Structures are given as structure tokens and as C-alpha cells.
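Form predicted alone, single chain, as C-alpha cells, below.
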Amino acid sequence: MSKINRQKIVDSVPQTGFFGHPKGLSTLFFTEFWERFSYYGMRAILVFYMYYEVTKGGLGIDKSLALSIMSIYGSLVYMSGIIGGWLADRIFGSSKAVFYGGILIMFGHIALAIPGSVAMFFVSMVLIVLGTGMLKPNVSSAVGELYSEKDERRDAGFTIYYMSINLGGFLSPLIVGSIANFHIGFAIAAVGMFFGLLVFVLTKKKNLGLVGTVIANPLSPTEKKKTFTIFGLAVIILAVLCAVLIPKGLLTFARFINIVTFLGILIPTIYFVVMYRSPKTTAVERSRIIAYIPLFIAAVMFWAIQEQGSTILASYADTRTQLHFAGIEIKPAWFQSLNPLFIIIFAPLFAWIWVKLGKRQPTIPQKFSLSLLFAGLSFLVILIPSYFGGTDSLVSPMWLVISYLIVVFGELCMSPVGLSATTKLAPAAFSAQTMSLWFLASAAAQALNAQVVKFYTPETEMTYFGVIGGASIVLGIILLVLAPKIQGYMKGIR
């Protein structure tokens, strides 16, 4: 996208109208709010839907397998962002990508709302994975197009936009999780995405102007024909392989999970190798890539713990937690509102702390090490009630609240800092790809979780939380010791 086009895009957007920000921010804010409402509402009850017995409205899938599938689901959602970004950059622009993605997500939730069908469950997975991959990264990039490169409102605009994610994530588990019928809950998620599409379609022309309409690097007619041919053949080959291998028992749940785990590790590895060996990468940039590798590994470790909020901790809330507390009947899905709630409360505090410390604040590697220490501590906290009361008795919900709170402290040391570090350390020729790489840390983490969660049982509970929590703390200490060395490889970036 040329600078002329970028300025034309900015000029086409009403520059006031939403808390002093471009009017288009309101369109993207509410589109993202409703998309996150639908996604987190669905996610809050999905694992229960998988492993609850058919008589209770579930699918009756083995709990260990359900936890693995849930992790793979999250991994594929992050991986699909690469596809969504490519489609927007090369074929139809981010505005259409958002619209098409929303349609796929809505139909995915509708598929889940159809009772008792394992086949429809997997259809919904495909639709939601592809839809989220198209919508999520392109809404974020559209926010950036609202502002000129020198507009000082940009960071504040992204902060407002970030609040939409957490507001949607906070409200939806409380609402959807309160519904006794799984399919009505999924239908509410579908309605949420419908509202997001409605907001986007009705306000984009007036509020967004040319945002999302310019294709950054369009395919030539020859490239387009070749791409569509390859894509069509790939779909046909995959369909044939599934039709042959699944009935013969050669492509099972377990093997599919293993394939995704392998891809979750392989894809980011390829990214690092290609960027490091590229002739477009300078010597200074290669040094920064070396510095980025331990940060990426730390991010994988952190997200491996944080993302278990929707798998292991969800199961823990359902089966190990006293849900009658202070005269209130607590729904297990409600606990998943804690993460976004704590982020809304504490994000301004952490931002103030970093500004107050100024040059005395911890370096990027030191902040990453803090995040690992917090993550490990959040798992070790769960050991306390098990140690004193055993693994057979129900525990106070306050232990889960404390665990979620501690891991949020780690997230606030990791997530915004990681995004900033990625933009600073990225080679100039791979700036967009490096941002994709950052999100692949979450994909890799959940791909690994698909294997790790298999080891969780009531009998192994203390070992499970202790080993993973302890490993995170050990890795955090190692990173803290290596922080000065990593800082040196960052070549002036702090």
C-alpha cells in the first residue's frame, strides 16, 4: 500500500465522532465486541458440551480427548490468521475478509446449535476456525488504517479497541454460561455474531470510508488463476483423503491431534529459519532474531498455562470446585469471565507503573521472565487446597479466582510487551510475517497443550500442576539470568 493510498484512506474517514477518535473506530469496536462475545461465549461451554453425557445434552466424548480437541481448536484458530491475512492482502481486502469471516463464524455457531450431532460439531469447528482467521487479524489491521502514521491518537485508539475484546470476553461467559441448554447457548453466540455483522454492514460505508478496500499486494490474473487451481486441487485431495482414511480408521482423532501439534512447532520454526537466512535480513536484524527466539519460547510456555483456563481449569471449575458459595449458585463457565475482567481492572495500573518507572522499568526479557514466574505461581496456587484437603473434596472457588488473577499479572507483563517487542525486533522485510509469528506462539502453546492435557486426571492433579508450574518458574529464572545477554543481542532495542 503506497503512502498516497494510505493518506487517501485516512482522509476518507470522519476523524472525530467516537470519544475524540475517528468515527470508524466505533464500527470496528462494536464489530469486534460482538465477535468476541460470540467466540468466548461459545468457548465457555464448548468443553462441557463435548464431555457431558448425551443424557445431559452433551456429545459424550471422553474427557481427556475433549480437552485435547479444545486445545487443537484454539491452535487452529491462531494458525488460520495466516490464511486470513494472506487472503486480505492478496485477493479481496480486509473489509471483505471481515464480512466473509463473520458469515462463516455465524454459520459455525448455528451448526453447534443443532442438537446431538458430532458431524455438525466438526462442521462448526471448520467454519469458526476459518471465519475467525479471516475476521480477527483484519479488524485489527483496519484499526491501524484509521490513523495517519504520525497521529498521536493511534496508541489510545488501539487501547479503546482492546477494551472491546475484553468487554465481549467478560460478558459472554456470564450470559451464555447461565443457559441450561447448550444449544440455546450456541444460538445466543450466533445471534451475537449476527449483531456484529449488522453493525459492520450498516455503518462501514459512512464510518470507514476506504478502510479495508485497498488490496495491499493483489494477485495478477495469472497468479490468481494458478492460486485458485492449487487451492481447488488441495481441497479435493484433502476431501478424498478424509473420505478414504477416516472410514478405514487411519485418520483418527489422536492422529489428527498429533498432526496439528507437529504443525504448531514446525511452522514457527520455518519462519525463524527463513527470516534468519534471507539475504534481505541485515546482520543487526539477524542478531535481533536470535534475541527473539528465547522470548518466543517463553511466550509458548506462558500461553500454554494461560490457555488452560478454557480446558483444565474449566474442568476443575466443573468437577473440583464448590459451586454453592456465599448464597450464590455459581456456573462453571462464569470463571472464564475472570481473565478479561482482571485485564480491564489492572491494565491501566500496569501501564501507569511502566510509565512511572520510565528508564528504570524492567527490560523486555526481564518482563517476559516475570510473566513466566506469575504463570508458574498461578498453577502452584492450585496445589494448596489439594495438598491440605486431598483431591476428593470440593475446594473453595476463591482458589480459582486467585489463580486467574495471578496469571493475568503475567499476561500484562507478556502480551502488550510482546506485541511491542515484535514490532521493534522484526526485520524490515518481514514486519508483517513477524507479527504473524507472535500469534503463532499461542498456536504452538495450544498444540502442545493438546498432548499435555492428556496427563491430567484427579489422581495426577498435584503432579500435573506442580510439574508445569515448576517448569514455568525454572524457565523464568533461566530467562532472568540470561536477560543481559539477550538484551545485548537486541542491538539497542529496549
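Start at 1 and count along the sequence shown; that's the residue number. For clarity, every value in this text was computed on a predicted model and none was experimentally measured.
The form predicted together with a small molecule is left out here; the points below concern that form.
- Residues with any non-hydrogen atom within 4.5 angstroms of the small molecule in the model of the complex fall in just one of 223 to 231, 351 to 359, 206 to 214, 169 to 177: 169 to 177.
- When you look in the model of the complex, the only residue of 309, 294, 397, 385 with a non-hydrogen atom within 4.5 Å of the small molecule is 309.
- With the partner omitted here, the residue from 340, 365, 93, 74 that has a non-hydrogen atom within 4.5 angstroms of the small molecule in the model of the complex is 340.
- The shortest heavy atom separation between residue 379 and the small molecule in the model of the complex exceeds 4.5 Å.
- The closest heavy atom approach of residue 285 to the small molecule in the model of the complex falls outside 4.5 Å.
- In the model of the complex, the small molecule lies farther than 4.5 Å from every heavy atom of residue 34.
- Taking the partner from the other structure, the small molecule in the model of the complex has no heavy atom within 4.5 Å of any heavy atom of residue 417.
- For the three residues 78, 162 and 411, a heavy atom within 4.5 Å of the small molecule turns up in the model of the complex in every case.
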